[in-house]
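As a starting point, one isolated chain is supplied in structure tokens, in the form predicted alone.
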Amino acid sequence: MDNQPSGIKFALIGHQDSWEKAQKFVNHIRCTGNMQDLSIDKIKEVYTYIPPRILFELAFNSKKNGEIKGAYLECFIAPDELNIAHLQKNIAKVKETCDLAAKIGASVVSLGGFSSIVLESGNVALTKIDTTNFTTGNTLTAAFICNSVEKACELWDQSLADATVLIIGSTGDIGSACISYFSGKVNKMILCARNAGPLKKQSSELSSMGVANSFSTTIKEHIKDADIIISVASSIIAENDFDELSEHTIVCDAGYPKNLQNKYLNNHDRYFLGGMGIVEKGFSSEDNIHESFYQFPLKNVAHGCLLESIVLAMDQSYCAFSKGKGNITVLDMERILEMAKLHGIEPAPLFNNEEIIRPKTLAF
């Protein structure tokens, strides 16, 4: 897309979580004619050399204010380089994409998935370039997660007050927000993250508030004790960590990529994808290109981190609603959730990789 788009109110900055998805959209946007599609190996040779660009334009429909237009910007970060070893290169990629978002005049921009983590890891709390505001989208994501966990407890007859909740990635921005929300609502929390120092501090703060908890940098030893598992950092999970998972345990896969069922669980019945929202009036993209690599068993759903900037644009509340790390409050979660509902964006019904989870399938 060579021409600068007009009427852009929001932009979504994202990246792919697998080479298969990258292959789909690269071949979709190529003007191939009768040429053969590129293989994954060919795409890998050039992928990270592609500068950030507008991949496609979008239109979302507000229940209150009608249609608003935006754009999806791709970082072209290699799916197998979403780690600390490639931090500096990824920071440069994300910053370049942010500059492009400001250049096209987007009023508010979501830093989706790993792009917000990259900037936080590099001690860059980006909130504004010229008149363009940037939000991590983590507040709406956390609100969707907590709402869906409560919904799952109701449907699977799990008492929240009696539950032991394991949060994988507890010291991250979304993990911390989930802890704030469920503090005082559950029986006990088990905190898990990579680094012992922040975990110990987090545990001490909860203990000082009278919240029963324990913490560990290893997951395996705590799986059997958990009634609810919220995973927002699947990258720290080892192959056999879930071996002793109980059939009654509710598992909310809220990381990116959402891959627990595929990689670590054996068709676990009480598993669902967390942090997702559904748009009542729907959305579309040029030639519906998003459907070639953004596929779920439910229409009109999207990640909460991306939906946050759309909600802000619909409400004409152009600001860095979610910024930095550890700043999300329960009040802010309630505020953005109410704002979303006003425009017809709700927490998505429970669903997994294959199907919508309906009440008749919930009993075991």
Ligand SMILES: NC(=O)C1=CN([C@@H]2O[C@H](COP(=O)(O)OP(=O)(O)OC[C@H]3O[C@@H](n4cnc5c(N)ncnc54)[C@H](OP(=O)(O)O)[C@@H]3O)[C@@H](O)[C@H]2O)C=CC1
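All residue numbers refer to positions in the sequence shown, first residue = 1. A quick note: this is a predicted structure, and the numbers were derived from the prediction, not measured.
What comes next is about the form predicted in complex with the ligand, which does not appear here.
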ask   = Among 205-213, 283-291, 165-173, 95-103, which stretch sits within 4.5 Å of the ligand in the predicted complex, heavy atoms only?
value = 165-173
query = According to a 4.5 angstroms non-hydrogen atom cut-off, is S235 in contact with the ligand in the predicted complex?
reply = yes
task = With heavy atoms only and a cut-off of 4.5 Å, decide whether V109 touches the ligand in the predicted complex.
result = no
message = Test of understanding: in the predicted complex, would K220 fall inside 4.5 Å of the ligand by heavy atoms?
response = no
key: Interface membership of Y256, the ligand in the predicted complex, 4.5 Å heavy atom rule   = yes
task = Work out which of N195, N83, N240, T131 lies within 4.5 Å of the ligand in the predicted complex, going by heavy atoms.
result = N195
query = Even though the chain is shown alone, can you say which residues of 301-316 have a heavy atom within 4.5 Å of the ligand in the predicted complex?
reply = H303, G304, C305
